[in-house]
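Consider the single chain below, provided in structure tokens and representing the form predicted alone.
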Amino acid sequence: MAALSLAARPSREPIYLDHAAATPLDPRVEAAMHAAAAVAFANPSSPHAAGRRARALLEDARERILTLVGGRTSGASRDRLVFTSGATEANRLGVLGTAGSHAGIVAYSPRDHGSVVTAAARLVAAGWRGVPLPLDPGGGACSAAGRLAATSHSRPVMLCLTPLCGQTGIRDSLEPLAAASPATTPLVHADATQAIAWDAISFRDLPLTSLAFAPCKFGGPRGIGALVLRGDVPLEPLADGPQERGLRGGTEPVALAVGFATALELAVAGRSEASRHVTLLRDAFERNVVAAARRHGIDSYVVGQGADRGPHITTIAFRGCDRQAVVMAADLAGLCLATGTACASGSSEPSAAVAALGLPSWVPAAAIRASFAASITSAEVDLAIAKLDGVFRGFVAGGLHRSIDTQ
């Protein structure tokens, strides 16, 4: 630990580049939540006037969110939106709640969040056959999922997919799933937690049965998420309760739901401009950090460079540098980075998605993630680069950088 002090001294206000884990609450969202809390403090299940007022705001937020993600909001085939405690619960509900009573085949990949992988493992423990989907050279799993979906099966098939990987930022097109015939159409759950703020999603036009996401990734509140479900798909609760049409228990958090809807509206309205801004910041960060590492004799590898990526995530490996030591040193220097998803950041294992890409063996162990938001300025990125330059200097001077010859 003493050697890490060779990095620059921390500033009073750290540069936060971990927006893929969680984003600051947008002041406009906070204002909407305060306004909702003032008039909708009652239990929305209560039959009195105050309860009905809370119910009205809750259902309005539900409709706004469902409309923004292209769900069907009317008719016999109307889609459903279930509020959850976050994306983890939404993923579990989407996988376990739609599985039905007959064991089948469940497919998942290293791109998937841990909540998806553990839900798939629960199905395997219950008698389903687990099929790990390999990543293609571009880092996606939908090609393999499409081949599985196009094959005739006597058992139900569930595909778990991640349109935008939180570990690498690499996108994955759902188009290969169009090859599935009507007779073999699988259940398809997508975790859109990283994608929803950056990519236009129309649920009704995608080959999905369920879609999970949460607003804490785009300026919204914590403690709430959503599962969008196709209207004709049965859904069993994970824990019985009278709320959310019998799918879960606990009083619905009306103010959080209003904040959720407001944050998504703001993200959708500002998506194009934010994407341009953040892409420029990400590219400048990559270019200059790689150059800074090179000045200190450290080779770098930008994971997924040249692939179709979301604008807000970059994963870079610094050869000969332990990823956790880099993140710790950066933290001491006043820079917040990550080694992968926040839920697995303390793990000694490298990112599963990075490890599955078939890259040189040193890359997964040396890969760190920086993630951006529209609120980040070019001046902050410049300061972040300067801080990392100090980290590299400290690593070399302190003997923490080691030469690696293995590929």
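In this text the structure is predicted, and so the values were computed from the model without any measurement. Residues carry their position along the shown sequence, with the first being 1.
Same protein, other form: the form predicted in complex with a small molecule, not shown, and the subject of what follows.
Heavy atom within 4.5 Å of the small molecule in the model of the complex: which of T88, S275, T209, S143 fits that? Just give me the one. Here the answer is residue option T88.
Which one, R309, R282, R323, K217, lies within 4.5 Å of the small molecule in the model of the complex by heavy atoms? In short, K217.
Want to guess which of 96 to 104, 240 to 248, 190 to 198, 124 to 132 is within 4.5 Å of the small molecule in the model of the complex, heavy atoms only? One stretch meets the cut-off, namely 190 to 198.
Proximity of L388 to the small molecule in the model of the complex, heavy atoms at 4.5 Å: Contact with the small molecule, no.
Taking any heavy atom pair closer than or equal to 4.5 Å as contact, tell me whether A20 reaches the small molecule in the model of the complex. Yes, A20 sits close enough to the small molecule in the model of the complex that at least one of its heavy atoms falls within 4.5 Å.
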